[in-house]
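Given as structure tokens, the chain that follows is alone and in the form predicted alone.
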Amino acid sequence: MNIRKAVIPVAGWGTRSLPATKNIPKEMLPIYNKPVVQYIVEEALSSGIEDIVFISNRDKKVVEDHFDYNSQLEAVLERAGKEDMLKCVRDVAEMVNIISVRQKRALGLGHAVLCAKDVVRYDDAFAVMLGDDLMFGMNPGLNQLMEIAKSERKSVVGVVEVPQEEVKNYGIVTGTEQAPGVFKVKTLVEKPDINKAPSRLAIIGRYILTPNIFDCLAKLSPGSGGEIQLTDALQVLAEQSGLLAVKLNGKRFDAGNWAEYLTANIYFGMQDPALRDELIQRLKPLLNVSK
């Protein structure tokens, strides 16, 4: 199974991050010194992905532009002799091949994936990565899914175990564990009631999907709000050809949650040796507060 493309939907409004996202795409909010979307793309590249497919809209051109050359900025840096910064911005432009597909109407995540059909349908499988979830570890989260997808030749979703009080915020899966951390999916329930959730295994924004997902999506009737839900299509896929869920290892941050977003900024700041000591010293008095 050859997995070369990653679909990254970026057409959403980012309402969880308002008012910061009133005029700035949520994907461009910075975490330490890079926008959220760059971390997602870097994870894809470190997993062997060659092409990034942005599912975009008319207001998200800045996301694509981030991965392009900026001749005016480069000229300013070159004249100033700032070679390190010049290399940094050029490296981003040369990072990956970008393909952009316009989602003309916001009809849900399932519809966003369906928009990628003509770009990825001839591939053995493709990745879907959501910008809200940041995964970090020695083995990239996406690569963990790719390893299972290639060995089992099935679609795979990434899951993590969440506290009971948070199940209402996620799609929840049930299934039988066929290997440590690998589950054969039986059912998927979108944002269940806390007391009715069938498990605490929550789907996060990492998927490896085979092209038959498009048939499942095309046959769905729009649900609440007229949206086509990816979770509904995954349920059909699970019943027809099988679906696996893999419990992902590594550190995860939900960039749409303000506490986790700010924690991620601190986490990455701490990884910079030039900043670490000063950051710790500045945080100490702030953390010395009564509970």
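Not measured: the values here are computed from a predicted model. Just count from 1 along the sequence shown to find any residue number.
Missing here is the form predicted in complex with uridine 5'-triphosphate (UTP); even so, the following discussion is about that form.
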Report summary line: For uridine 5'-triphosphate (UTP) in the model of the complex, the stretch among 212-220, 137-145, 87-95, 101-109 with residues bearing a heavy atom within 4.5 Å is 101-109
Query raised in the report: Given that uridine 5'-triphosphate (UTP) is left out here, which of 271, 23, 281, 15 has a heavy atom within 4.5 Å of it in the model of the complex?
Result: 15
Query raised in the report: With the partner left out of view, is residue 131 within 4.5 angstroms of uridine 5'-triphosphate (UTP) in the model of the complex by any non-hydrogen atom?
Result: yes
**Report entry** Interface membership of residue 27, uridine 5'-triphosphate (UTP) in the model of the complex, 4.5 Å heavy atom rule
**Finding:** yes
